[in-house]
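Just the one chain here, the form predicted alone, laid out as structure tokens.
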């Protein structure tokens, strides 16, 4: 590794010491914040620091769901959140998805609006009946939030078409879609480069000091300074600010090898959204299962557990692709940020240091607006 005392004058003036704003984290929130800063104030010198070789956390490790919530998830939220707040959050996620598409273009993120489905197993009649009974209520509540559309409808007739085993009921949402999150992040990076945003990878921030009118950042690669800092590290926020109410949640994911004649098209959730799958390039992507052992998955460490891998494998072979010889090609995990409140945390944590974290597993939907919101906050101070 290069000695931190061996930076040249050129390196210091062009890379290290010339930032007006430093953004920590190059995921969807961090890059959206950087992009918005340069759009609003083109002369700002914006530097993004990322600890990983690629964006760490969830932005390139999620399932690529352009979704804003199943009927069961909305009903669960309504049990402890006022109606107007549930509608506001649905609208926020909906607008966030439209902003993502507007900013990057559907072709550049491989967006397809095949719709989303919530599945209920044959033994889950109580949950299915409750969700179905509240469809009219949910549609009336969310219709103004989702551009005047009715959202949810019973779709039991489609179960046989998809070839599922053990699924008793299904609710369809035609306004949800799917993206390729790797392409999304490349498109975001390209837009940032076009705006002269500098992104440095492999640079983990270990300490932040606020003194003498500048923010000083410590990393193994050297020290950085800026007038303002935006922290967009989501699940890893507590490593720098332990008081923030953000709990990491690991999601484990698999992708099969290509499957001839795959019938799936769309995004699918079951078990209150704790399991999710979709089609991608003639394969099935399937993830979830952190509800098997919440404590074990409340970790900032990537990896897998045998219990979750076994459960995902069982569901894949017995429910999603029964009587098919599906082989698993990839396994990985991502780290999301959760909290008891459904809203993200966008605030000033100390003078000239701002955070935008806790997307509650909805970073694709929320991230663009969360980034813009924290950028506006930083500009206003």
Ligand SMILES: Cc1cc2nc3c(=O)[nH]c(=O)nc-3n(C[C@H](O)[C@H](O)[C@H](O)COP(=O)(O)OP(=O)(O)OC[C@H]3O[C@@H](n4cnc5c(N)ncnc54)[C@H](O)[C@@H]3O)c2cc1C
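Positions refer to the first chain, counted from 1. Since the structure is predicted, the reported quantities are computational estimates derived from the model, not experimental observations.
Only in words, not in the display: the form predicted together with the named molecule, which the text now covers.
In the model of the complex, the named molecule sits beyond 4.5 Å of every heavy atom of residue 33.
At the 4.5 Å threshold, heavy atoms of residue 315 stay clear of the named molecule in the model of the complex, well away from it.
None of the heavy atoms of residue 346 is located within 4.5 Å of the named molecule in the model of the complex. Within 4.5 Å of any heavy atom of the named molecule in the model of the complex lies no heavy atom of residue 130. Only one of 162-170, 104-112, 71-79, 247-255 lies within 4.5 Å of the named molecule in the model of the complex by heavy atoms, and it is 247-255. Only one of 353, 44, 49, 321 lies close to the named molecule in the model of the complex, with a heavy atom inside 4.5 Å, and it is 49. Think of it this way: in the model of the complex, the named molecule has a heavy atom of just one of 135, 280, 240, 146 within 4.5 Å, and the residue is 240. Residues 203, 204, 205 are the members of 187-210 with a non-hydrogen atom no more than 4.5 angstroms from the named molecule in the model of the complex.
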